[in-house]
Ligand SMILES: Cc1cc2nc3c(=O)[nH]c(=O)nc-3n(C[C@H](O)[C@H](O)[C@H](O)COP(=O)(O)OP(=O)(O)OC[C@H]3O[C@@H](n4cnc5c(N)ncnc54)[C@H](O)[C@@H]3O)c2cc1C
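Okay, so here's just one chain, in structure tokens, the form predicted alone.
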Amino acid sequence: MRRILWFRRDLRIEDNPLLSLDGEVLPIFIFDTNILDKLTKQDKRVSFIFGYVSKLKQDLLACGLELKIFFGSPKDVFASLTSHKMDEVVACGDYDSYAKQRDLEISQKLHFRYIKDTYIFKPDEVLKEDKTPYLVFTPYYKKARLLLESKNIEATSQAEQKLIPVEYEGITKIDANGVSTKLPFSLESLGFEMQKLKIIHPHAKLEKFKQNIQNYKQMRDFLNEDVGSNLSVDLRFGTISTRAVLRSVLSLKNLECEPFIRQLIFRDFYAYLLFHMPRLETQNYKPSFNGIEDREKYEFFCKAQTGVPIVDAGVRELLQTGKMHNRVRMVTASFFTKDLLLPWQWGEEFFAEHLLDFDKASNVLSWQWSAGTGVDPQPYFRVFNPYLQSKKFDKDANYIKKYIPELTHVESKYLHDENYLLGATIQGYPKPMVHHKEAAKIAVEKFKHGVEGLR
């Protein structure tokens, strides 16, 4: 059988199901112009992906294979491949609306086979007795955890594969007219500028995490404690398999591992929800107040000029590194949707533009969680107090001062004190845009009225 192996969110050779299929193969990767055309030329993710595609190409060469790299829309790329008389294309599943529509188009040209790799479970694997999807995480988690006990998560082995002889050098650009152009193998050929990123091999991250996993549950929310796995970007782009992470953590046979396993299953849950209810990508699950469009407030937020230190520090971390601490993501999203009353879709789009580990399902469902409009059973009146949050999780304001050096000279306790910040004049830093207690009260009334008005 002649197969196209389409690498997408699985940028590795280790434990990759694509390499477990025997026969003649044409491994490919597509730099998708439908996605790239919307990005800035300094997008950090493109640098990250390009680096790992380069590594994948080298690793495949070491296995006697190769990687053909395309630049264009998948539809045009596959149209250019029809002359090779392939039997099927195989790829790991992807569940957002664009991915599903893209794959549907390709399946109309060539037999398309999904391989489960991106998540632990298939979308139809963890269902209620009546075969409908769970909408609440706890019962989903209990069933998923039970299924995990007997699930095969062993590493896949590489099969005997024969490389189909084509031109593998450089980057092949395919335009909308089907015209093929050979480009040098460089990020600049794609129109992007290489960004400086601190790249640590995922297995090194995993080993470090295993040494600290006993502290994960209690310390993961503290901003100066590096006890997380730091694997979110690697799981997003498949530079390590979810199975490998599970095998490694489960081998510890330690009850302290369970909170992390729960988070891995939570990642599956959000992808599962988006698969079964694609409307959630842009719409509320619960009918509710959906924010007030205010471009001025939005611009202040995006420029980290809200006057709320923990929020501005989080936005600056995001803009500078492509990352944001998970606790800060929750605080920031709550402030965005409740204190500023901005539509969660705007915040989701902002995060989507800048997060190195951006995952559509996790991003969308997390923003709906913060806005109180998603499947989470917690009601709309959950509002994070950003000052109490920073006082608890960044008591000495080390995180705040790291990203807002203008506040270095301010005594730490005052950076958690709204009254001080409202009354003081700090050179180079604005006063808070809103008074939290008043803003929270207004938000609760707005959401309450929205919910009751739609009943």
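From 1 onward, residues are counted along the sequence shown. No experiment lies behind these values; they were computed from the predicted model shown.
Although not depicted, the form predicted in complex with the named molecule is the subject of the following passage.
When the named molecule is considered in the predicted bound form, A333 lines it closely, a heavy atom lying within 4.5 Å.
Although the partner is absent here, D94 sits far enough away that none of its heavy atoms falls within 4.5 Å of the named molecule in the predicted bound form. For G228, a non-hydrogen atom is located within 4.5 Å of the named molecule in the predicted bound form, even though that partner is not displayed. At a distance threshold of 4.5 angstroms between non-hydrogen atoms, V308 is out of contact with the named molecule in the predicted bound form. The candidate spot formed by L264, M324 and F351 lies fully in contact with the named molecule in the predicted bound form, as each residue has a heavy atom within 4.5 Å of it. Stretch-level contact analysis of 324-332, 82-90, 279-287, 103-111 against the named molecule in the predicted bound form, using heavy atoms and a 4.5 Å limit, identifies 324-332. Listed residues T118, T337, T239, S366 were compared with the named molecule in the predicted bound form; S366 is the one with a heavy atom within 4.5 Å. Contact with the named molecule in the predicted bound form, judged by any heavy atom within 4.5 Å, is made by just one of V249, I164, L190, L355: L355.
Scanning 114-131 for heavy atoms within 4.5 Å of the named molecule in the predicted bound form gives no residues at all.
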